[in-house]
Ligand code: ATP
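Quick setup: one chain, the form predicted alone, written in structure tokens, and binding and motion questions come after.
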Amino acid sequence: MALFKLENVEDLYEIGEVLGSGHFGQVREVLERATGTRWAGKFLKLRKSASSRLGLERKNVEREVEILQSLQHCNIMALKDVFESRSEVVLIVELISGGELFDFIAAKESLTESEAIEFIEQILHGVEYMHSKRIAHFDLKPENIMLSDKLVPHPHIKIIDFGLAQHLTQGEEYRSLCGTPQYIGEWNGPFEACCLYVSIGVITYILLSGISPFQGDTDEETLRNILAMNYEFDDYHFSQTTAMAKDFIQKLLVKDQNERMTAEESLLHPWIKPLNRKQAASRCRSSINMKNFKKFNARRKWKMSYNMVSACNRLCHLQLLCKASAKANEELRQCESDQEDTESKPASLLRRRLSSSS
């Protein structure tokens, strides 16, 4: 069960600068008054009513909090505290300052497969832990894979954003197309048979080549490619990729969910854990396609910016519609009140106004 504190968050934390904002609130840097430790505060707006379209439903926030409170792993964002008021929930989470993994890699001049494996292995460890707790992330994509600190020699991966995550029940079957389609694929079956390692396969494919495996000319074509697991390793993008890396991807991007590698099996694959010196040496000699990867990341960032502007425009339009509707309702209410007032005594009118104002 999710645990919320009813105390005022500002009594325990000093609220700092805004680190980011989204559809439902802001992320701000906060300072724990008792210890001087810096954290991040996610200030989430709650829906005022069931019919409201602004803000998050409380049950969704409760689910995310419950999941984060049950996950304690070095590759997963940590949750410290949760505060609740009438209109807002504040999540105090680990401050992750290293930025996105893909941005970090795109800033490099070169990267070997063995260096890329350090990141993939950490993602696998995080996912393996989640699934040991029977939790599926449902939105594992580059934007949700961060670095705790990018200035250290071996940066540490942190998986974030559990807004779509679900705690799944053993023996039950699930069908889901939520999340970002080209990363998550389709989930249709029991938890044991389909642990969503497609997303790790897609991330690895992009990391090594700079292209998306399922990307088509249209959204419909992309979806068809995902459902059919239709992809290829063309020579132009994979000329520097080892056979072991391709085999690793092929064992994850499998349509038959029963044939797909699990996290445990992935961590033992020769590309991740070489069986001999020859395999280890080949990973160090092979490099990822940095030219294409930089292009892919630039397009990805542009699309994120475009989507953010589009979302802001839709939100502003929605707010204007809400205000117009509220104004019309207020005018109608005043008209109805005026009609009633013509037959009301002054004393009863005063009592009604006082009652409505309170």
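Values in this document were obtained by computation on a predicted structure and should not be read as measured data. Residue positions are given as counts along the sequence shown, with the first one as 1.
If you look for the form predicted together with ligand ATP, you will not find it shown, but the lines that follow are about it.
Ligand ATP in the predicted complex comes within 4.5 Å of no heavy atom belonging to Val9.
Proximity of Ser209 to ligand ATP in the predicted complex falls outside the 4.5 Å heavy atom cutoff.
In the predicted complex, ligand ATP lies farther than 4.5 Å from every heavy atom of Gly16. Residue contact with ligand ATP in the predicted complex: Ile96 places a heavy atom within 4.5 Å of it. Residues placing heavy atoms within 4.5 Å of ligand ATP in the predicted complex fall in a single listed stretch, namely 159 to 167, out of 212 to 220, 159 to 167, 114 to 122, 240 to 248. The contact with ligand ATP in the predicted complex, taken as any heavy atom within 4.5 Å, belongs to Met146 out of Val127, Val198, Ile288, Met146. Contact with ligand ATP in the predicted complex holds for none of Leu268, Trp271 and Ala281, as no heavy atom of theirs lies within 4.5 Å.
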